[in-house]
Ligand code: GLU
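Next up is one chain by itself, shown in structure tokens, the form predicted on its own.
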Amino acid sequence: MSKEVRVRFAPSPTGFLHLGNIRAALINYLFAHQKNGKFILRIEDTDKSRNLDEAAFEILQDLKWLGLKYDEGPILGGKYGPYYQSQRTEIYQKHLNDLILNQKIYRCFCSMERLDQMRQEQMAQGKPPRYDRKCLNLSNDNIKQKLVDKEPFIWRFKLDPEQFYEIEDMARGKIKFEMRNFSDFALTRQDGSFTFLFTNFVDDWLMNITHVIRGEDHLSNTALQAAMFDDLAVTLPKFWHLPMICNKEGKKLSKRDFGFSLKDLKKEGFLPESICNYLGIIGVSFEQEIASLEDLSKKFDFENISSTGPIRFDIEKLTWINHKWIQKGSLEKLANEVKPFLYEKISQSKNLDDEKLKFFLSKLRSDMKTLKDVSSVLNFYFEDPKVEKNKIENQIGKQNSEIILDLIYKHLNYADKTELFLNTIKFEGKEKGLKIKEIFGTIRYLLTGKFEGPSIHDIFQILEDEKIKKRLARVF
């Protein structure tokens, strides 16, 4: 491409990041990196009634945690700033004045009550809700009087119902919009602030955005923004409207669904690598499913994007990917990541030094699906598990239970000599008809409280000799 690729992620600070807008941020990031372009972060905070200052800060922190580093944006800066829309009011006002001068827009004095009633009546008649242009042809004298009376108003963009516009969508190809299917739309609110449609258009234009990658719920917005691009003779960006992420019932993910918010996933112990990995491969084909951001940016096929229906959020697939990343990552990084989860459940774990924790994780992380699992897989080190003789009998039978327990008691004195102890019991147990799984399963149960789990040799390396002897002797 001759022109530098410039893409943007433009969230509103009205809440916290969820899977849908994280995926939009990710795809923009990957596209920019693959095309040697720029990934821009822009905070759309013009709606004063809905914005939360802490949410804007949280967005910056979440993107950093996910590893999605932007090239231009808040704090970092750039030549197209400012990157908070609330700081760009003069820019929007200038371009609004140009539209006023060129008679592209008009004042609308309709109250919210009238607009709501009009919508309800149209919908009751089976018609799509559209503005009826009541204020389009107000006389100058009428307008002047309303202004004198200080009637609140907004500015609306005047559409030509005979006009149509085409956009190029990376997945759908050319999409044609006929303006007779749309109504004149608002550029401002009654408090004088600017709407999403207008600020998006102005910023994408002035920031030289070449590709707009966002959710398909913005498709109808694109038609209206295309009208503004055309009227000002500005080159329209290319678009990709990403398919929506739905729950297992096929409905759009909402706050009621687990996994909707990044906050939920972090709290449950999902890694940033696995979240990006999962969101990068859903809806597309990847030969190697476990992939880093670098791998995804190299291998994502942006030249052959197909238009797909909604994508269902698969928590099992995300959990599987998370399990793989727990095994794949460095032990030092994993140790730091599990500490909050470990400390919360097992207070005495705070006395564990880093080297010992890393050693434990090297033996046990294959049993972890999320970071939250660390307390359950490592609990046996800190607390003696509750064991019962009858549970062994239920697991391997009364006769086999008596045989294995007798062998453990017989050789208990040299339980501190791991290989000798295990090999002796294994040899004698097999001679008496026991299976390896029954022998080691019983020893594992006595030491950890579970018949399945870490290998016997790993358990003997983790537990001190005194703990091993004490636990093996408890049922006698």
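Predicted, not measured: the structure shown is a model, and the values here were computed from it. The first residue of the shown sequence is 1; numbering continues from there.
Below: the form predicted together with this ligand, not depicted.
Only one of the listed residues (Phe196, Phe302, Tyr80, Tyr84) places a non-hydrogen atom within 4.5 angstroms of this ligand in the predicted bound form, and that residue is Phe196. Contact annotation for His323: none of its heavy atoms lies within 4.5 Å of this ligand in the predicted bound form. In the predicted bound form, at least one heavy atom of Asn200 sits within 4.5 Å of this ligand. Of the heavy atoms in Pro11, some are within 4.5 Å of this ligand in the predicted bound form.
By the criterion of a heavy atom within 4.5 Å, His95 is excluded from the residues contacting this ligand in the predicted bound form. Stretch-level contact check against this ligand in the predicted bound form with heavy atoms at 4.5 Å: of 86 to 94, 148 to 156, 108 to 116, 210 to 218, the positive one is 210 to 218.
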